[in-house]
Structures are given as C-alpha cells and as structure tokens.
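Below you will find one chain, with nothing else, as structure tokens; this is the form predicted on its own, and questions on how it binds or moves follow later.
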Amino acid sequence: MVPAVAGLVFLVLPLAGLLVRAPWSTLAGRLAEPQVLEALRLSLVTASLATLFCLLLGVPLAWMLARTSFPGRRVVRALVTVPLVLPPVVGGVALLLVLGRRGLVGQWLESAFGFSLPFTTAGVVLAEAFVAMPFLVISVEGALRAADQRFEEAAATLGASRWTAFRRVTLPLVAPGITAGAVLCWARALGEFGATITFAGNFPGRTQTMPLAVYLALETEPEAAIVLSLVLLAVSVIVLASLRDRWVSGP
C-alpha cells in the first residue's frame, strides 16, 4: 500500500505544485497578453491542421494494417509506432535531413517550387503530425480489428461496392475509434516540443507554439510559463475526461 501511495504522490505532487504556484490573481490578465494569445492561437491552428493531415493519411494506413495481408506487415506496423518511442528531437533532426533545404526531398522542393518547410508554420504542422500520427493509427486499427466484418460482407452481398460498404457500414462502426484517435492525436500535437523546435524553430507568431513559449518564458518570466502550463494541463484533463469511457475503466 505504501508504494502505491508513494507512486500516486510522485505523479500528483508536481501538478499540485503547479496549481499552488499559479498566479491566480493575475491569471486573467496574463491570459490576455498578446504573446500568450498568439502562442495559444498558433498552437490550436497547427494542432488542428496536423490532426486533419493525420486523418487523411492515418485512417487509410490503419485500414491497410488491419484489413490487408502483405509481406512485411509487421515491419510496417513497427515503423508506424517508432515515433512513439523515438525522442522528438531525433524526429526533428530526421525531418531536417529529409525536408531541409539540403535534405533528400527538401532541396528538390526548393529548386522545383521555390519554397522550404523548415522554420515555417507548415513545418510546425509536419513536425506535430509526425509525432502524433501513431496515436491515431493505433486507435483506428484497433477499432477496425474489433469491428464485426459480417456487416461488411452482408453489404457486399446486397450489391454495395467496397467504397459504399466502407462509407455506410465500416466508417460508422469505427467512428468512436477514429474520434478517440483524433482527440489523442490533437492533444499530442498540441503538446509537441522537441520535433517542433528542432525542425521549425522558435519564432513568435510563426512557429512559437505553447510548449515553446513555456520554455522561453521560464527563463525570463516564470509566471507566464506557469499560466501557459496551466492551459496545457487543462487541455490534458479535458482530453482524459472525454476519453474516460474508452481508456479508463473502473467501478
């Protein structure tokens, strides 16, 4: 019992310290500061765009992993989950090596289309999508594997095409899994730091998201860092509460 209580204290005490040290009397004013609002706006926009990007690519990828059989599927699944355990800074370095101005693809993009992705808002979206997409893929793949395929087979026997069966049968069945994966993906993108600062930099109004603003404010204005941290904490609690029926079980 004592180790359990110690573990709980270890997890809760830092959060309690954040709440105790929060500048509650000036909280509203600090939340209205231009740099805070700008970091919040940029974070919400980039996290939402990253989630849309992950939905466009992640749902088909999850369907391929769950419903098709091909050589090397286990390797592909392992590669999909690598960003979960890869240090985000390493992910940012990898993105630079591929999409940087001298990267494998980046130099072609610059020469052919005249633009580069690093240190731009689009670079923030890509960095967040890279670290967040596995959450969506894993959630959707699990939902697809749990879905009863007999409904799809019945739709096929009634003359429905594969696309119609997917849109009218499969998609409604796995919608809760897609929603849960999208929420987790969005929350992970919102809190991304390492890949973002490595690949996109820390430029206010362009690439400075909330986690980066926390890091910068901690050196010069600790109270502003606490305010931004409270916002991220509130988002995390809301995400956990919204997914409690799926991820948290208990009496």
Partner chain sequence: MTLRARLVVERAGFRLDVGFEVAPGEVVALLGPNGAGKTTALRALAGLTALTSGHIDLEGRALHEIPAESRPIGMVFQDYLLFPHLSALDNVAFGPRCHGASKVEARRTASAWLERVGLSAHAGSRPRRLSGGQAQRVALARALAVGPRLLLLDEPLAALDAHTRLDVRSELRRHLAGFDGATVLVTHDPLDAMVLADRLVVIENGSIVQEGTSVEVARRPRTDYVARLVGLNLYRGIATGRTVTIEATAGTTNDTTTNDTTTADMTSADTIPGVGTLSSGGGPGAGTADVEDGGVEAGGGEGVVFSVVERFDGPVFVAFPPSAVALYGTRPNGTPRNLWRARIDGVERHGDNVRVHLDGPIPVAADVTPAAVAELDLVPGKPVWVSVKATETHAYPA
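Numbering follows the first chain given and starts at 1. Since the structure is predicted, the reported quantities are computational estimates derived from the model, not experimental observations.
The same protein also exists as the form predicted in complex with its partner chain; that form is not shown, yet it is the one meant from here on.
- Of the candidates Ala146, Leu79, Leu158, Val105, Leu158 is the one whose heavy atoms come within 4.5 Å of its partner chain in the predicted complex; the others do not.
- When its partner chain is considered in the predicted complex, only one residue from Pro87, Gly114, Pro172, Gly72 comes within 4.5 Å through any heavy atom, namely Pro172.
- Only one segment in the set 120-128, 163-171, 106-114, 91-99 has any non-hydrogen atom within 4.5 angstroms of its partner chain in the predicted complex, and it is 163-171.
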